[in-house]
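In the form predicted on its own, a lone chain appears below as structure tokens.
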Amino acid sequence: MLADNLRGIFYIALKDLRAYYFKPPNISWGILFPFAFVLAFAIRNPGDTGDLVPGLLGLTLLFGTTSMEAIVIVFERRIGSLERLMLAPVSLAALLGGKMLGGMFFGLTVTGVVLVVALAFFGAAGVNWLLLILALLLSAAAFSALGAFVSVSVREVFEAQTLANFIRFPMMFLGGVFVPVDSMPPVLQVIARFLPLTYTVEALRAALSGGSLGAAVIDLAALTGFSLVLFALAVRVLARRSS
């Protein structure tokens, strides 16, 4: 059964990547959209643009990972292909795991492109590569689980897009991308601590500045928690809707 589930996760992710993710609109949405926001902020507030790199990477990962993740399941439910997938000898958790893996791979791919460009401009000296890799992987998992939860929670594609943007846009402005969380009003600081992007930006900032793994252990633990909780909620909602 474990072998069937692992095989199912791999082929479901591969199918989604081929059918949905690597398309020009998704690539442009995942890369150009965060770039446009960060560039607008940099022009409005010129200074050390290197400080914006962690936020840029976090935004690229957020939008790249959830670009299709938030609508794939609801779309496949509408056309009936999700029901065919559920007839395969894999568990619901494995099915959602495959969906998440596809979103994670695409998000990490587009973020890798942005990372290469950023390091080419600002240099790679002092980067803690282990922390950087862990931060990117755990953030991709958390964002992908968020996208899966959104996708199983609604019935129409436009509802999924609306709900995803309702979550992503406040997260973008409250997650420390443009303004440090510590400089926000106390109420907003509390809200920011319930957003996975906050921990992504903090972990990436620590990694790019050469911080130790211990300096970001809380951020990594929080991202792990978001991933597990959101994935468990997505499995539960999908099971209830499928019964």
Partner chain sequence: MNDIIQANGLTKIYPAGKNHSPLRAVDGVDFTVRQGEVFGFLGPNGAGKTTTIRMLTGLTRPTIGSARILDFDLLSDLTRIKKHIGVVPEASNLYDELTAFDNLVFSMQLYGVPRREWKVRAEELLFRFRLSEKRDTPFAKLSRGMKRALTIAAALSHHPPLVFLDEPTTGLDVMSARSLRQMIAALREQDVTVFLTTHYLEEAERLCDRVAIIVKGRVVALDTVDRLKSNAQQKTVIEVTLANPEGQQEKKRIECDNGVEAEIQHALADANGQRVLAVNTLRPSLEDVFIQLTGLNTEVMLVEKGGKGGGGNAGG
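Residue numbers count along the first chain shown, from 1. All figures in this text were calculated on a predicted structure; none of them were measured in a lab.
Another form, the form predicted together with its partner chain, is not on view; read the next lines as being about it.
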*Heavy atoms, 4.5 Å, its partner chain in the predicted bound form: which of 148-156, 161-169, 129-137, 77-85 makes the cut? Say which one.*
77-85
*its partner chain contact at F231 in the predicted bound form, heavy atom, 4.5 Å*: no
*asked:* So in the predicted bound form, is its partner chain close enough to P89 to count as touching (4.5 Å, heavy atoms)?
replied: yes
*Proximity of F226 to its partner chain in the predicted bound form, heavy atoms at 4.5 Å*: no
*Spell out, yes or no, whether the shortest heavy atom distance between A221 and its partner chain in the predicted bound form is within 4.5 Å.*
no
